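A single chain comes next, written as structure tokens; it is the form predicted on its own.
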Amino acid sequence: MNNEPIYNVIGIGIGPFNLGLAALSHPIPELKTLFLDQRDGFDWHPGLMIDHVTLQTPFLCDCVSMADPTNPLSLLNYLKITGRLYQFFIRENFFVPRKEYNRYCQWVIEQLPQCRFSTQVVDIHYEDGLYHVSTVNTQTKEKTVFRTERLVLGTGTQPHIPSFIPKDDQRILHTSSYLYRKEELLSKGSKIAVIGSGQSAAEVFYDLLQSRDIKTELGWYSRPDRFFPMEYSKLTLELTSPDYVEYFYNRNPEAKKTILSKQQSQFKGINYDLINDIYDFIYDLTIDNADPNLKIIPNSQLNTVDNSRDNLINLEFTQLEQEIPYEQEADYLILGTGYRYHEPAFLENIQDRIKRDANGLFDVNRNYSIDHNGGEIYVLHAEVHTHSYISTDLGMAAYRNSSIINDILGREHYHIEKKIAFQDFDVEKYAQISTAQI
């Protein structure tokens, strides 16, 4: 006999997004929730927890504030309780150190008994109107089945390594594991190559730039024609708004693809200040015409990685504008090649309940559900193709979580703003006025 209660919601994966959902659902008595994660505890991108690195979104983008600024699980309340609020005030910086955000999330979890770690979901099946979630405790190996009316999938993304890159070579690593290998890189590396045009690649490059022996050659190679900054102008930031979600969702699939292809600089570039810090540090290195022992080459597509030699890896590039192939050598290769969503294997036995588009992707409803009934299985961070890059943004997480909670409750518990942008993305209302005037 199963002594576990029937839950209204089970969230799978406890990253920042599902943690926010847990925090916002916590004060609602009629919602019985459970959140599961196979890891032993919360630790957000530990391999990139570089000193002095901050979030790219302001401190209000915590678990709760954008939905409920009075919630006791806010970052400001955490700072008050831990005696750091005045220091934070004097610091006068909207952007929280990544280490502090990580500790804040760990504090939130300490307040939420419905968050359980060391619990791996191995299977889900649907029976008698409920989802039966089969789990294994990763430490004790105890098996438990939980029953729930609804699921929220928050398993996140995984480090992406292109298929042509050799596997199982300790000289090749993803930026996500950088700090675990930093000491080795600095002590053994004589030629280190960093690949990538985004924030993670830039952070790793800058950290190595400051930490290495000048005798260590450091290279940075990027496919785009420049190392471009994330666009943070205020009118552009209105693309992270409820207005824009609504506008984007109502475009056809081909239009959405085109729009996403044009928005790289808003979501996939490098922090503007970091680019300047890198330049300034290199400038200082070259005082008295000293050789900085660097190679920084944009417009470079990595085609082949030959690791057949024991001492050096051969990298074959093409300079895209010149169409010139060239080669470089490295004894360590660091890949800033991003992250991809991988559909969890435990969904196999409920595939018949999930909607798909023509490409086999989740056909995500406006309310973030993917089931045919439109209110049983919700996704977080798996809906870029339907809801835009906003899906990856911490600043819009509380909006999405509020929407899901309201949808589950069938009423507006959290007030959701619908129109906040000064600009109009959709001009249909003006077209209707023009037609009426004819």
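Note that residue numbering begins at 1 and tracks the sequence as displayed. Model, not experiment: these values are computed from the prediction.
Keep in mind that the form predicted in complex with a small molecule is not shown, yet the notes after this line are about it.
Trainee: Within 4.5 Å of the small molecule in the model of the complex, heavy atoms considered, which of Phe227, Phe248, Phe346, Tyr206?
Mentor: Partner contact (heavy atom, 4.5 Å) among the options: Phe346.
Trainee: Only one of Tyr339, Phe88, Tyr126, Phe281 comes within 4.5 Å of the small molecule in the model of the complex by heavy atoms, so just point that one out.
Mentor: Selected residue: Tyr339.
Trainee: According to a 4.5 angstroms non-hydrogen atom cut-off, is Ile14 in contact with the small molecule in the model of the complex?
Mentor: Judged by the heavy-atom cut-off of 4.5 Å, Ile14 is in contact with the small molecule in the model of the complex.
Trainee: In the model of the complex, is there a heavy atom of the small molecule that lies within 4.5 Å of any heavy atom of His387, even though the partner is absent here?
Mentor: His387: no, not in contact with the small molecule in the model of the complex.
Trainee: Can you tell me if Asn406 lies within 4.5 angstroms of the small molecule in the model of the complex, counting non-hydrogen atoms only?
Mentor: Taking the distances in the model of the complex, the answer for Asn406 is no, it never comes within 4.5 Å of the small molecule.
Trainee: State yes or no: in the model of the complex, is some non-hydrogen atom of Glu376 no more than 4.5 angstroms from a non-hydrogen atom of the small molecule?
Mentor: It does not: once the small molecule is placed as it appears in the model of the complex, Glu376 has no heavy atom within 4.5 Å of it.
Trainee: Can you pick the stretch from 51 to 59, 24 to 32, 407 to 415, 64 to 72 whose heavy atoms fall within 4.5 Å of the small molecule in the model of the complex?
Mentor: After filtering at 4.5 Å, what remains is 51 to 59.
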